[in-house]
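So this first bit is one chain, no partners, the form predicted on its own, shown in structure tokens.
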Amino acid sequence: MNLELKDAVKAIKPLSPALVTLLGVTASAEHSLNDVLKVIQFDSVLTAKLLQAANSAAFRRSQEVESVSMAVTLLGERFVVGMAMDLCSDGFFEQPLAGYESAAGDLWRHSIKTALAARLVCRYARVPVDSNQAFTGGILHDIGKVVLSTFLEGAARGMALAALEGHFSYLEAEREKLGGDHCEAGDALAVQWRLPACYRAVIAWHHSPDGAPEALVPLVYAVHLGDALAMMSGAGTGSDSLLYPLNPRHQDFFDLSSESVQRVLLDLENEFAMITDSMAST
């Protein structure tokens, strides 16, 4: 990665300490919802938003949710992490990515859909995969695009055309243009943000999962599939959508038939509608 990109990574604001702590907690396979609660109960804004969401029409409870512990139990870890990422990242996921011809909010929609799809495909895993890690990794996987976007302004369509005509991944177009790609930039940002190793692996290898540390390959494949399914559902991040090949080795880790893919896509739309409706109500 060249010096300009490294400087761009350094210029990005750090995550809030509470969010870094929360991501560290959820990265542990042994954590519980009570561990999540211990982190968020001291963040008054996040607590208030979670209570609002738990009492929203999307969850249709007859009894009012009055405590954050009740809210966390009702909403579940994936919603809590998603809400925390949205609230505590200072608009990072909501900004437009001009270098990808992507509008404001597209990155967040793609990230949430990838997260949901990655969690859903874990139902079909041939080996154990932590679905909560897959969800959080899905939210984080494309953070490197924020770093690259400014440097790609005006070049998106030409890069997409080159990838199509040359039958290669958009990553190669990024490397040819900038001397680095969004996976490398994202990994550098993950180091700066002190993200856990499992999420770093997802960010660095989600387009080439076989390069990840062996123990994390199944997790990275879950996000690799989630990314593809999010784009198939229409939630991409602009000019690069569907310009990344799907590694056929995913079949070694996930038993996905055409019927199960359709089922995941249907469930994805339903869960996406629920999570966005409840977040919009806060």
Partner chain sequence: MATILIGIGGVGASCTPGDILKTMALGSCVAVVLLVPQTRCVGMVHVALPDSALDEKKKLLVPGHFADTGVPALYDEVCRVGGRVAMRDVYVKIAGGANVLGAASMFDIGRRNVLAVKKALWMMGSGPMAEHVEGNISRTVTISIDAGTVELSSPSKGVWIL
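Positions refer to the first chain, counted from 1. Model, not experiment: these values are computed from the prediction.
Although it is not shown, the form predicted in complex with the partner chain is what the next lines describe.
task = Answer for residue 63 alone: is it within 4.5 Å of the partner chain in the predicted bound form, judged on heavy atom distances?
result = No, residue 63 is distant from the partner.
task = Consider residue 72 of the chain shown here, and say whether it contacts the partner chain in the predicted bound form, taking contact as heavy atoms within 4.5 Å.
result = No, residue 72 is distant from the partner.
message = Using a 4.5 angstroms cut-off on non-hydrogen atoms, would residue 27 count as touching the partner chain in the predicted bound form?
response = Because no heavy atom of residue 27 falls inside 4.5 Å of the partner chain in the predicted bound form, the answer is no.
query = Would residue 49 count as touching the partner chain in the predicted bound form under a 4.5 Å heavy atom rule?
reply = Taking the distances in the predicted bound form, the answer for residue 49 is no, it never comes within 4.5 Å of the partner chain.
query = Only one of 68, 39, 232, 217 has a non-hydrogen atom within 4.5 angstroms of the partner chain in the predicted bound form; which is it?
reply = After the contact test, the surviving option is 232.
task = With the partner chain left out here, work out from 28 to 36, 248 to 256, 41 to 49, 209 to 217 which stretch has heavy atoms within 4.5 Å of it in the predicted bound form.
result = It is the stretch 248 to 256.
query = Is it true that 101, 160 and 242 each have at least one non-hydrogen atom within 4.5 Å of the partner chain in the predicted bound form?
reply = Result yes, every residue of the spot touches the partner chain.
request  = Using the arrangement in the predicted bound form, list in sequence order the residues of 257 to 271 with any heavy atom within 4.5 angstroms of the partner chain.
outcome  = Contacting residues: 257, 258, 259, 261, 262, 263, 265, 266, 269, 270.
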